[in-house]
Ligand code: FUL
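There is one chain below, alone, in structure tokens, taken in the form predicted alone.
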């Protein structure tokens, strides 16, 4: 064969191989799948809450609504200090309590006098929402708002006129402060309050009073990329507790029928494997016993190890963690909180700085169409947009990491490729020990991220087995990590 013919044959063979690889179709999505706004939320994984209002100065958790705006007077407010602490801790965004149940507004709303414009802070010219949102933008964090549906100050609460008031304030927040990443709708609805001086008990039908579908439309119209949080979503669900702990399993899907903000909490913690909506869990918890700053709780701030444990039980179970860090009466994050957050971040950085699976030889019992696009090597590239998948008929495959030498680890990370849905029902992990495979862990849901944390293991090979799945898997990450000894 002459050189020209050989070159032509090689080119033809390469073209045929390229065509064959290109002809391999990706798996079909399974069940509900996330929207682009939900995918953006999933990628954050860890962000923060800022509970700050008149309660900070009255030493209460829930204000009654009769507090004078004059009590709100942070002595040394520093938005950049607050945001820099959040960024140091690894948070990707902050959600500010623009209005809590007491009805006091942290922005100069034109619809009420019960706001910062009648406080001594900055002589009534301050705007806390503007300050925090701009500090977030300066430092590269996303910004969200909490607008309590319950208002113990407003005279019209419980009547139709209040819904107009509430929606007007929602429009203010969504049109005057730049990009909003999340809108938080609380489930506290009705009870005793000041109500413009009435000082009475007011009950509402929480299922119908707020006309939530039409309220949600305002957010969709004005801030289409924002996710909405509540017991019912419609984008992100409450996890069902305020301890920051997701269920095990914690499925990303839930049946949305008969759910509304403040409604039934059944199923929120673990989700539902075959739910009809992609409605992932957000785990909210405070670094302190209370949500607002109280001087008496300075000695009760969660320790770095406690925060790390919460991280594994929230982010490590496929949810997002929303950790509250309440500003003190200066308008800054207290040093005790900073010290704990720094220790927490130090442990996570020491753990996840080096993926021990890097450099390993990785093989799979099956790869979809033998295409490089779906190779198991994609599990090691730290790119959530590439993934390993198998042929449609192969639903219980395995992947082996050959580390080439004994390696010690105690954390395994797994991540599904979310645009194709949650596809895996159960899996197991094995180590190579005494010349054979020995199981060291098994679990169910994976979703956005699954962190398996246990005792230290030293082995040359690790195997992942998909033990139950209705369709072929689509996994984007398989990593091994080692916690520093002090964190165990």
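Positions refer to the first chain, counted from 1. A quick note: this is a predicted structure, and the numbers were derived from the prediction, not measured.
One more form of this protein exists, namely the form predicted in complex with ligand FUL; it is left out here, but the text below deals with it.
In plain terms, the part of the chain that comes close to ligand FUL in the predicted complex, with a heavy atom within 4.5 Å, is 43-51 out of 30-38, 437-445, 43-51, 451-459. This chain is drawn without ligand FUL; in the predicted complex, the residue among 392, 300, 211, 242 with a heavy atom within 4.5 Å of it is 242. This chain appears without its partner; in the predicted complex, the one residue of 121, 374, 195, 291 with a heavy atom within 4.5 Å of ligand FUL is 291. Although the partner is absent from this view, residue 188 contacts ligand FUL in the predicted complex, with a non-hydrogen atom inside 4.5 angstroms.
By the criterion of a heavy atom within 4.5 Å, residue 57 is excluded from the residues contacting ligand FUL in the predicted complex. Proximity of residue 432 to ligand FUL in the predicted complex falls outside the 4.5 Å heavy atom cutoff. Among residues of the shown chain, residue 352 is not one whose heavy atoms approach ligand FUL to within 4.5 Å in the predicted complex.
For the stretch 77-103, the set of residues having any non-hydrogen atom within 4.5 angstroms of ligand FUL in the predicted complex comprises 100, 101, in sequence order.
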